[in-house]
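Okay, so here's just one chain, in structure tokens, the form predicted alone.
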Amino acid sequence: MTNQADPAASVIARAQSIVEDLTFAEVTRWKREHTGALAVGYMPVYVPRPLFEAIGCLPVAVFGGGDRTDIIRGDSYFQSYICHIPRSTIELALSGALAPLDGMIFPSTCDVIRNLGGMWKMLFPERYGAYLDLPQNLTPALGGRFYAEELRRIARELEARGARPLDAAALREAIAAENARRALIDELDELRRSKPWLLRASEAYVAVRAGTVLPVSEHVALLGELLAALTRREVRAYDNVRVVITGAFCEQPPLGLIRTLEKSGCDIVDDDLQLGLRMIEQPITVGADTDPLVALAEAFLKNGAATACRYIDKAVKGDALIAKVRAANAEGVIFTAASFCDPALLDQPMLERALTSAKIPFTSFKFAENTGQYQTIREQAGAFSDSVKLWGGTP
């Protein structure tokens, strides 16, 4: 089947062009259409995007430079034994690529991102920078109150720089729009689980990631167009191994690496890639008499995904991953942690132990966002898929 005959090809190509544009042209276009409005970048694990949309700001995820940026100056600001994403982010900033952004939010993912926030303030003191602390106590009375106050603080700081005042009605509207976006992402995810040959994980990846630089209304339109096109798509089914990949919740593998896993005989039926748009696992509910900001904060407490950078309180490490494998009817797990990612690599032994107890096979490798060693990874993933086909659930 040629691309000309593929009704989804043009939508996927448009999304990929947005993802690969390190000049943030879509952000520049949005700012031109919204004179005086602020575009606020954030590191890509999670910030509550509806908060920014409600005050008239465009939230923009910054994923670093990927495999299309040569790191020259960025390497001089960080030690060599940490992950790659802070160095490429600084490289983009120093090169002027992040000029369309009026500021940056650094959520408390790990010490590296905390240090990146400090480096941003040193290098760009005239531009907004904020560290967004996340609650470690998951009770509404303590953790919820703390988190809501953190969000109010950032809203006030952005208002002082030109954003609209935080308004309950506007926030309710923004939350409803985010729920609509998430429902469409859920449809894509369900399609990947039920018919992975119809929508490859690499295609869904660019379709979702394009939304991290678009206003929610435009992303909803793009996802709706893609889902409609997929109903007319005709492709051949493959007998691949169904896998869940986990560990790349912050720094992202190159798109070529995701495609390499697919070429090795793996159908990626679930993942934690670009977790920022999937962190809240249920619709955000706002009661008629509920402060929508409190509802937004409590959604993180109650329905936040289990991940290495989020405290899970009394939950058992590994239970959420096993549930994800079962729900996706997956046959194995591939750990894809970024090199030197302390949260992911410290979590991995506990997750491996849980998978072993559940008799779920797994393999692992590490990557950097600029990695080019696809062949080795393809051979390893191919051997894993073959072993699962031959011997099933023996780890």
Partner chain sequence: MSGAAAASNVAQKDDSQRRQKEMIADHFAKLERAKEDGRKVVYTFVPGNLTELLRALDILPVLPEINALQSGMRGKSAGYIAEAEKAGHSEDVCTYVKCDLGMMLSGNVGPTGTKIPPPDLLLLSYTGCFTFLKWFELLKEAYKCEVAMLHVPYMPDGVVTPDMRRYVVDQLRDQIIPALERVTGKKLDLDELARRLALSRQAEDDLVAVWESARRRPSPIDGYFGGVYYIGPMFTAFRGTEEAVAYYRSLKAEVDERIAQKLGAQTPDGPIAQEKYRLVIEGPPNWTSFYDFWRMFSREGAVPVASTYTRVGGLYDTGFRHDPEHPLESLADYCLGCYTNLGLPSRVDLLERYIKDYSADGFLINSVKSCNSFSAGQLLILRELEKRTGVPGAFIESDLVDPRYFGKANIENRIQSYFQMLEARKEPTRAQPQSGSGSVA
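Numbering follows the first chain given and starts at 1. No experiment lies behind these values; they were computed from the predicted model shown.
If you look for the form predicted together with its partner chain, you will not find it shown, but the lines that follow are about it.
A.B. asks: Would V27 count as touching its partner chain in the predicted bound form under a 4.5 Å heavy atom rule?
C.D. replies: Answer no; every heavy atom of V27 is more than 4.5 Å from its partner chain in the predicted bound form.
A.B. asks: Taking heavy atoms and a 4.5 Å cut-off, does A368 contact its partner chain in the predicted bound form?
C.D. replies: Residue-level check for A368: no, no contact with its partner chain.
A.B. asks: Going by a heavy atom distance of 4.5 Å, is Y131 a contact of its partner chain in the predicted bound form?
C.D. replies: Yes.
A.B. asks: Is there a heavy atom of R145 no more than 4.5 Å from a heavy atom of its partner chain in the predicted bound form?
C.D. replies: Although its partner chain is absent here, R145 would touch it in the predicted bound form, with heavy atoms inside 4.5 Å.
A.B. asks: Quick one: I82, G118 and R310 and its partner chain in the predicted bound form, is every residue within 4.5 Å by at least one heavy atom?
C.D. replies: Yes: I82, G118 and R310 each sit within 4.5 Å of its partner chain in the predicted bound form.
A.B. asks: Under a 4.5 angstroms heavy atom criterion, identify the one residue in D291, D111, D186, D319 near its partner chain in the predicted bound form.
C.D. replies: For this set of options, the contacting one is D111.
A.B. asks: From the list V235, A168, A221, L123, which entry has a heavy atom within 4.5 Å of its partner chain in the predicted bound form?
C.D. replies: Checking each option against its partner chain in the predicted bound form, the one that comes within 4.5 Å is L123.
A.B. asks: Which single stretch, out of 134 to 142, 239 to 247, 255 to 263, 195 to 203, brings residue heavy atoms within 4.5 Å of its partner chain in the predicted bound form?
C.D. replies: Comparing against its partner chain in the predicted bound form, the contact stretch is 134 to 142.
A.B. asks: Across 331 to 366, which residues bring a heavy atom to within 4.5 Å of its partner chain in the predicted bound form?
C.D. replies: Sequence-ordered list: S339, F340, D342, P343, L345, L346, D347, P349, M350, R353, K366.
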